[in-house]
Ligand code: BES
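Below you'll find only one chain, the form predicted on its own, shown as structure tokens.
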């Protein structure tokens, strides 16, 4: 899908040739390596019709332009504005992703099957990193979920770019290939997570989570274990079993392991796999309930990240991933408000609201995984609370943790990949909100600080293990509008953050 070309890009036969130009800073002509493009932009640049602003595009047909020696061979040429290049690496990376996404959107509009994108000069960003980010933007924007669309008008037929080629001119080819591979690995993994989340709850069930993990393990070096309902009963996983009580579909606890050496630290990832959330007895409003098929985006992110891990094979880390999977339905045996359940670690919980079910799943998975695998650090991802949307909108993921070092690494990973996070506090005052008169705790802490009290609940199951919780309820779908993120549907959030964390891991 994406390759490096060392040919003169103007001479590459393509349906679309793309150059990226920074914003006008008083220059008389655009900063572009192609003399032909500079000439074609002469009048638009002078008149202010194209100035290189972020998201700005100018497309022309080289055949209509006077050709000098070795003119542009591509059918179409596109110039995409980068905006004013930032000085900070994270911001430049995001500018390249956005520019790549803009280019892909234009390519899809004009049905360009083969696209050559010329990597721009980015002072302050290494060629490898620039290639990584441009590849991410190009591929992430080349996404479509049309599996169930059977009747389409001709002008509605989906189109995807078949081949991307990146040209780096005089930049080192080895570094560019390495960066492109990293970008492609991350982007394709995020698209896998989008596919999982786009499936309806009737098609993507706990069994599908288990089967996907088993197939992944068969074709890679990963090890897969799936615990079924009988296993959970023996182990005393009262949280997962309670959420599953009203369902006709049995639960699964899906476990994938990537092992290197016993001397290396172990990172444990846990993703909420709630394949559909009706709210149970505490039924959700009908309006928008169809979006509750996305309540498994945490689990999707974890599995998709493990697929990329299996390709990249990091040498310095062991990784264990757990996805507790079920749906939350209101069948005749469903969990009732006021019921008291016992979790894997022996803690009892008064269930005040059956729609606060994700924490019940995660509690068992966290307690079991920490006892079984003794990880050096744990990161969980979950579409856990609507409260995080009230606090942060759809622009940032909520981050809560008991370890500052782990927080710093996750924040840095999010900045690298354009998936920003905001740390929220934890403390005994929030844990007190979970006090129950009849059990060790209750599963909600009242109206105030809903995101924090949900994390405080989870904190009771991790002990002293360095742990971070990512509440992705606001970013897993309807994420900030970007050229490389679908305007509707799942964003694939968390996959690239996890990969960036793993790639740059430092012992806690």
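This one's a predicted model, so the numbers in the text were calculated from it and none came from an experiment. Positions refer to the first chain, counted from 1.
Just so it is clear, the following notes concern the form predicted together with the ligand, a form of the same protein that is not shown.
Though the partner is left out of this view, residue 458 does not reach within 4.5 Å of the ligand in the predicted complex, counting heavy atoms only. Put simply, residue 160 is far from the ligand in the predicted complex: not one heavy atom of it is within 4.5 Å. At the 4.5 Å threshold, heavy atoms of residue 95 stay clear of the ligand in the predicted complex, well away from it. Interface membership of residue 359, defined by any non-hydrogen atom within 4.5 Å of the ligand in the predicted complex, is confirmed. With the partner omitted here, the residue from 169, 75, 353, 316 that has a non-hydrogen atom within 4.5 angstroms of the ligand in the predicted complex is 353.
In summary, among the residues 320, 196, 387, 335, the only one with a non-hydrogen atom within 4.5 Å of the ligand in the predicted complex is 387.
Within 4.5 Å of the ligand in the predicted complex, a heavy atom is found for none of 136, 302 and 311.
Residues within 4.5 angstroms of the ligand in the predicted complex, judged by any non-hydrogen atom, belong to 473 to 481 and to none of the other stretches in 459 to 467, 53 to 61, 31 to 39, 473 to 481. In the predicted complex, the ligand lies within 4.5 angstroms of at least one heavy atom of each of the following residues of 252 to 287: 272, 277, 284, in sequence order.
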